[in-house]
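There is one chain below, alone, in structure tokens, taken in the form predicted on its own.
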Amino acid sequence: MADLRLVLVTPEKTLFDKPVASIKVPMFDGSAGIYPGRAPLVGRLGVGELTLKGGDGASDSYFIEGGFIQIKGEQVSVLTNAATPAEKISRTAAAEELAAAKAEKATTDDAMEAVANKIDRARKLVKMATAE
């Protein structure tokens, strides 16, 4: 079975353009696993961990912040606002971000939704954090 080719792009640059064996992406309403031979797809990404596995079994993770995914044949394009390698996410900074988000007070429905999104993002960062 042929490998997938993942192209991970932010507005600033192409971060990744290599063959991979499988990909797991956060969608706005859950997550999706992608393997060779998958049907075409265009979807909206959520905030969270993008995991890719190489043919050798090694895996890499990136924290992505929304965007879109397109699957066409064996080509998988991920266009996101930001992508941070897991090894560059600081535990301390992520914990501070979570504490700050929890401390925010909201007085309107829109503000409550914004605070909930900040808390969700910070929790996902804390879960992925590997750097000090």
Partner chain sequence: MANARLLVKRLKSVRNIRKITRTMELIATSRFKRAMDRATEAAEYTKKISEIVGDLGAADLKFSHPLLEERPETKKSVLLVLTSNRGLCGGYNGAVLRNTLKHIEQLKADEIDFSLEVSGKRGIKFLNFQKIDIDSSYTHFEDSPTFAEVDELGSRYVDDYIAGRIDRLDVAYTSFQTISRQSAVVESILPLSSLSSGSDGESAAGADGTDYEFQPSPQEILEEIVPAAFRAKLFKCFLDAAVSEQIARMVAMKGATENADEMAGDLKQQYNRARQAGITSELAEIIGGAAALE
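Residue numbers count along the first chain shown, from 1. All of these numbers come straight from a predicted model, not from anything done at the bench.
There is another form of this protein, the form predicted in complex with its partner chain, and it is not shown here; the text below is about that form.
**Q** Tell me, please, which stretch of 69-77, 99-107, 47-55, 86-94 lies within 4.5 angstroms of its partner chain in the predicted bound form when heavy atoms are compared?
**A** This holds for exactly one stretch, 69-77.
**Q** With the partner left out here, check for me: in the predicted bound form, does some heavy atom of V9 sit within 4.5 Å of its partner chain?
**A** So V9 counts as contacting its partner chain.
**Q** Could you confirm whether P36 comes within 4.5 Å of its partner chain in the predicted bound form, counting heavy atoms only?
**A** No, P36 is distant from the partner.
**Q** Would S59 count as a contact of its partner chain in the predicted bound form, using a 4.5 angstroms cut-off between non-hydrogen atoms?
**A** Heavy-atom contact with its partner chain at 4.5 Å: absent for S59.
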